[in-house]
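In structure tokens, the next block holds one chain alone, the form predicted alone.
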Amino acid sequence: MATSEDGQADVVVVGAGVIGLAVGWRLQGAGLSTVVVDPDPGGGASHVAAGMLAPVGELAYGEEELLALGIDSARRWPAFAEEVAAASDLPVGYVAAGTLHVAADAGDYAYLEDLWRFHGSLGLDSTLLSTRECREREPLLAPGVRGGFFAAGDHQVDNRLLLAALAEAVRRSGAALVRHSVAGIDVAGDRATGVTLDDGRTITAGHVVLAAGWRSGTLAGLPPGAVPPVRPVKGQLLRLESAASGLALRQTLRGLVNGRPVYLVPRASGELLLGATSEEMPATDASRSGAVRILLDDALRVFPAVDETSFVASEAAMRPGSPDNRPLIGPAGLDGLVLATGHYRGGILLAPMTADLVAGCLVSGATAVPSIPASCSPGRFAERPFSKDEATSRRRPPVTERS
């Protein structure tokens, strides 16, 4: 079995967030010698996340194709969680408790009720709730809450436990985990042949899987037709501690406050995650004071017990957004190159599906794999190549922040 020590592998995966780790683990398990390269495995946007597995809660009008991808991956999650835990002997913190959505006032409730009707038109499992019914599920809701709905199939996983378990599963599988940055993709003729590391070493591989998050479009060596159109979108969340107060949430709570979404995700450890913003801006991991204030103010409107929690940290990271908010998964515009990027807010949710699709693609050896849905195929952008600069500066029109 080839490893990074001899500079050769069947596949080199660029990036070790949740997507890169899941893909690398699947590929090695499928019999392909695999090297996963990242200077900080388990870091980046995957580390600064709440771990919500919420295809219904994340639904926005006009994003039915993204919904279908999320539902597909959510169905894979129970088995995926069991497999990762068994392969690593570590917990992943998968919790199937559903998600409660509540409205801060009558206007917000009108929107949630309309969204619930949209759910019904798509055959989704959500239940409209009165104020009293919401309070039965979560007694500590704010007095002004005006009702909402419950999405039974929207679950959560502890993203940091998951990342640690995936990294261990990768190591135990026999794949190599190389803690270096990739300086560029190596191309010979019309084919990707491997990568060059920041220390000048090269890793030659039959295939390169690009799973480097928002940086996927910035790597040197890619011809314009193969540059993925991904851009950085800042997300910020707060880490709170509720164990000492004894005022813990029973399930994930998502609120709508003056049209702004806010979420609160409880962990078994007593940690409470509060998030999250979506800000179109140049790449930076610095927290923004205004975002912290808005998150706390909006959380208090639906769950006043937040005032009794301890403040642990404010964290931010850049998510990889695509022009249509859907991921890019599958063969790109260069032989030997496979994309697994552009997951925006859904990297944790879409990890099982992405890993299965990439493994199916490479194990089959096909250049065009029918099992990859057209909605996430990189080919949907093939009519217009992107340069590296365009891929990371492309902006969608401003949108309301979604959690």
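All of these numbers come straight from a predicted model, not from anything done at the bench. Numbering starts at 1 and runs along the sequence shown.
From this point on, the text means the form predicted together with a further copy of the same chain, which you will not see here.
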Which one of these stretches, 98-106, 126-134, 197-205, 296-304, sits within 4.5 Å of a further copy of the same chain in the predicted complex when only heavy atoms are counted? 296-304
Using 4.5 Å between non-hydrogen atoms, is F118 touching a further copy of the same chain in the predicted complex? no
Is F311 near a further copy of the same chain? Define near as a heavy atom within 4.5 Å, in the predicted complex. yes
Flag V292 as yes or no: does it have a non-hydrogen atom within 4.5 angstroms of any non-hydrogen atom of a further copy of the same chain in the predicted complex? yes
Using heavy atoms and a 4.5 Å limit, would one call R76 a contact residue for a further copy of the same chain in the predicted complex? no
Of the residues A86, A286, A188, A220, which one places a heavy atom within 4.5 Å of a further copy of the same chain in the predicted complex? A286
Would you mind picking the one in L161, A167, V257, L240 that has a heavy atom within 4.5 Å of a further copy of the same chain in the predicted complex? L240
